[in-house]
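Below you'll find only one chain, the form predicted on its own, shown as structure tokens.
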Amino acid sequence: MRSVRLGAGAGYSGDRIEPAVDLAVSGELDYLVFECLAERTIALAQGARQADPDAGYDPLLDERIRAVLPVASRNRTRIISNMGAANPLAAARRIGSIAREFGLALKVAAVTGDDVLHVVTSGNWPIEEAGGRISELGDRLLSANAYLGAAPIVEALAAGADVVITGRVADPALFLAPMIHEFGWAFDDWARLGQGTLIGHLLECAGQVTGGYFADPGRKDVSNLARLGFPIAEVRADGEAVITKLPGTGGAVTAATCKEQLLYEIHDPAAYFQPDLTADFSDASVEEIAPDRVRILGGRGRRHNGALKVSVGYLDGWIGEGEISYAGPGAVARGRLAIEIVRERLAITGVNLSEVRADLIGLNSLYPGASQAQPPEVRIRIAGRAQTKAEALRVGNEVETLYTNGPAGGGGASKTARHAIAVVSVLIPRELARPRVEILETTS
């Protein structure tokens, strides 16, 4: 039975590049997929595009494409990625320019249409997470990007694209699309689409399924993480798949690593809402058939719910923060005193903050009130939310003044102030997002 080989080249925007190069060189891949978008990532990218119309795509796009494009072209491996972020057309043009530098004749497809800010601002949509309406955000709205499905990527592949660059697309759809294209699966073949979505979900975070996020020394030991290999899926036309990795690379592919990734970020394994379908992983089968080879079966699905999720980014004021360390006898007591001083100083000087948080990192930042032995060192972090940058800066300034104003022995102070970018979700009817595919051709 015919099969295709899909490799995961990245699991987030700043991921390692060498494992993708290894896959391009030695993976015998049909497709190399880079998943590089998070909810906050695209909101930041939209801000970059507003400042520069030619910006807004992934900051590592140049480096990744230069590293893999020549060998991928030589090995006839097609590339799919959401590195287009807020500006897929500019990203496609940049990839075309890089291809010309290497003397490569390629078709580069840009998938657009996920930017639905005009739709969101023209309707008073309910916010899914915390109630309220989108109109309550007023002029603080920064971005609104719908999660598109596999269809426009399939269209681009059918048009002969060697590289497909998208904006916001559901992560599993990046992998599902080449399966649909290669095997001719129908868009209402819910069983196969469900299985393909399961495979895509296992691959989307790259090194997580090969043992990276799984590793826990003494409980779940994974070898050679510094040379972690990224996953490959060998997929048959009926949807059966084997998850594996390149021989000799670090990490591990086991039933346990696959099961943890299968449940990662899944609110309900029987109803995983995607733009292409509602996937059902409740009968999934995960079976180790050889070292670093796990067979995946049992993904199912049913018709989608008619809506698309939209990730809405907005400006939520400024965050100011400061940190300083204390070491030696009495470090914890001095750290606690430092926090009291800064809190009192912020009140005395009238800093206008809507929220303040103080942590003794290593002692109570994750588990407040936990009983622990006194550590020989501690680092305090104080952060506050303000409406202006000037007010936010005052938080770090007060922490810095602890150097000479006590308590004793503070060192390594740092301070920052940054825009707070928040993200919420709304649902819109799927017909309000209109995906488009544009093909750019390069000549050698």
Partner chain sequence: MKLRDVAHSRTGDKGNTSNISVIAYRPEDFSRIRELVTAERVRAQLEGLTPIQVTRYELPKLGALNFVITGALGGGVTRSLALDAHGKALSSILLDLDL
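Numbering follows the first chain given and starts at 1. Every value quoted in this text rests on a predicted model; they were computed, and no experiment measured them.
Not pictured, yet referred to below: the form predicted in complex with the partner chain.
Engineer: Since exactly one of H267, R303, R76, H118 fits, which has a heavy atom within 4.5 Å of the partner chain in the predicted complex?
Structural biologist: Flagged contact: H267.
Engineer: Within 4.5 Å, heavy atoms only, which of W125, F214, W190, F183 is in contact with the partner chain in the predicted complex?
Structural biologist: By the 4.5 Å heavy-atom cutoff, the listed residue in contact is F214.
Engineer: Any chance all of R40, A256 and S282 sit within 4.5 Å of the partner chain in the predicted complex, going by non-hydrogen atoms?
Structural biologist: Looking in the predicted complex, the three residues R40, A256 and S282 all sit within 4.5 Å of the partner chain (heavy atoms).
Engineer: Which of 332-340, 316-324, 174-182, 244-252 has heavy atoms within 4.5 Å of the partner chain in the predicted complex?
Structural biologist: Selected range: 316-324.
Engineer: Hey, in the predicted complex, is R381 touching the partner chain, heavy atoms inside 4.5 Å?
Structural biologist: R381 belongs to the contact set for the partner chain.
Engineer: Answer with yes or no whether K415 is in contact with the partner chain in the predicted complex, where contact means some heavy atom within 4.5 Å.
Structural biologist: Residue-level check for K415: no, no contact with the partner chain.
Engineer: Please check if E129 has a heavy atom lying within 4.5 Å of any heavy atom of the partner chain in the predicted complex.
Structural biologist: So E129 counts as contacting the partner chain.
Engineer: Should R293 be classed as touching the partner chain in the predicted complex when contacts are defined as heavy atoms within 4.5 Å?
Structural biologist: No, R293 stays farther than 4.5 Å from the partner chain in the predicted complex.
Engineer: Note that the partner chain is not shown here; using its position in the predicted complex, name the residues of 418-439 with a heavy atom within 4.5 Å of it, in sequence order.
Structural biologist: Heavy-atom contacts to the partner chain in the predicted complex: I421, A422, V423.
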